[in-house]
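The chain below stands alone and is given as C-alpha cells, in the form predicted alone.
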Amino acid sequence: MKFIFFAAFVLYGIAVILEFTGAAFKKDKLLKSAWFVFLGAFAVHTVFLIVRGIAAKRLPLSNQFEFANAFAWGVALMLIVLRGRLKTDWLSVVAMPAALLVMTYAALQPMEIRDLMPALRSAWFGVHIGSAVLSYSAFVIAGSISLRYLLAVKKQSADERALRQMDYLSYRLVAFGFLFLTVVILSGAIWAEQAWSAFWTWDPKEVWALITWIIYAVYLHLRLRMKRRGTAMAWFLVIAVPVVFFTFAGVNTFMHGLHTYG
C-alpha cells in the first residue's frame, strides 16, 4: 500500500517539475507531458484511496495522514475539473504544486491503519470530514489563482480578460468553499452534541475553523457588498491560505484538544 502512495507522490513531483520547466521555457510538449503525468498520478492516488478504504473497512479519513492524503486528492480533483470545464491551462502551474505540498505533508505523517475512536463512529463522519476536504481544497486553489493574478499584474503578462477570469474564478471557489465550511461547522456541532453532549466546546480546532469561516465571510462581504475586486482581494486570498493550513495542520501540531486525533 505504501508503494502505491509513494508512486503517486513521485508522479506528482515529476508533473510539477515538467510543468515548471515547460512554463519557464514555453515548451508546449513539456506542458502536455506534465498534464498527462499529473492525470496518471491522480489515477494512482485514487487507487490508493480505494485500497486504503478497503483495508481499513471505512472511509480513509480518520487521522491526520488520511485527511492530508484526501486533501491532496481533493486539490488534484478540483484542478482536473476546473481545467476540463473552463480550459484554464494556466491554473496547473500554481495548483499542481499545491497538491504536491499537501501530499508531502501527508508523507511525513504516520501511515498505520487504526480503528476508529468511538466518537468517530457516526453517520456524520463522512459528511463532516468530506466537506472539510472540499472546503480546504477550494480555498487553496482560490489562493493559488490569486497568487497567479498578482504575478501577472506585476509582470504585466496577462490581459484584462484573463485577469477578470482569475478574479471571478477565485471568488466562485471561495463561495463554494465557504458553503462547505459552513457544513463542516454545523455538522461538527451536531456531531459534538451526540458525542460529547455539547454543541460547542471551544476546542482549538473548532475555534480555528470559526476563524477561517469569519475570514472568508469578510472576503465575501467585501466582494458582494463593497464591490471590491482585483489586487486587494487577491492579496486577501493569498494571505488567507496560511490560516487554512494552520487550521488543517498547525492546530494538530501545536495545540491539544478533542480533535488531536484528527
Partner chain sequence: MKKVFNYLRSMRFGILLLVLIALCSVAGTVIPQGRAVAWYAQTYRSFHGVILLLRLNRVFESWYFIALLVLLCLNLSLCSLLRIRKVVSAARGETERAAGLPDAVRLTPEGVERLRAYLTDRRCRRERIGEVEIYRKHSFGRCGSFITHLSILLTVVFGALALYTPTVVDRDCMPGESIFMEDGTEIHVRDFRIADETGRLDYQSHVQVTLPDGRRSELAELKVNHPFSFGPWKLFQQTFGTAGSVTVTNLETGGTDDFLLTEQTYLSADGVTGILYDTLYPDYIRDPSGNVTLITITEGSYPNPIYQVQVISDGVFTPTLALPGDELTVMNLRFTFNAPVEYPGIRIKHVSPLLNALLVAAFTLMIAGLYITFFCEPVLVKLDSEGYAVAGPKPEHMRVELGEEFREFEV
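Numbering follows the first chain given and starts at 1. The structure displayed is predicted, hence computed values, not measured ones.
What comes next is about the form predicted together with its partner chain, which does not appear here.
Practice task
Would you check whether its partner chain, in the predicted complex, lies within 4.5 angstroms of a non-hydrogen atom from each of 197, 207 and 223?
Solution key: Answer is yes for this spot.
Problem - Stretch in contact, per heavy atom within 4.5 angstroms of its partner chain in the predicted complex, of 69 to 77, 90 to 98, 134 to 142, 180 to 188 - result: So the stretch in question is 180 to 188.
Exercise for the section: Verify the contact flag for residue 172: yes if a non-hydrogen atom of it lies within 4.5 Å of a non-hydrogen atom of its partner chain in the predicted complex, no if not. Expected result: Contact with its partner chain, yes.
Exercise for the section: Report whether the minimum heavy atom distance between residue 118 and its partner chain in the predicted complex is within 4.5 Å. Expected result: Output for residue 118 is yes: heavy atoms within 4.5 Å of its partner chain.
Problem - in the predicted complex, residue 218 touching its partner chain (heavy atom, 4.5 Å) - result: The answer is yes: residue 218 has a heavy atom within 4.5 Å of its partner chain.
Handout entry: 4.5 angstroms heavy atom contact with its partner chain in the predicted complex for residue 154
Key = Looking in the predicted complex, residue contacts with its partner chain do not include residue 154, since no heavy atom lies within 4.5 Å.
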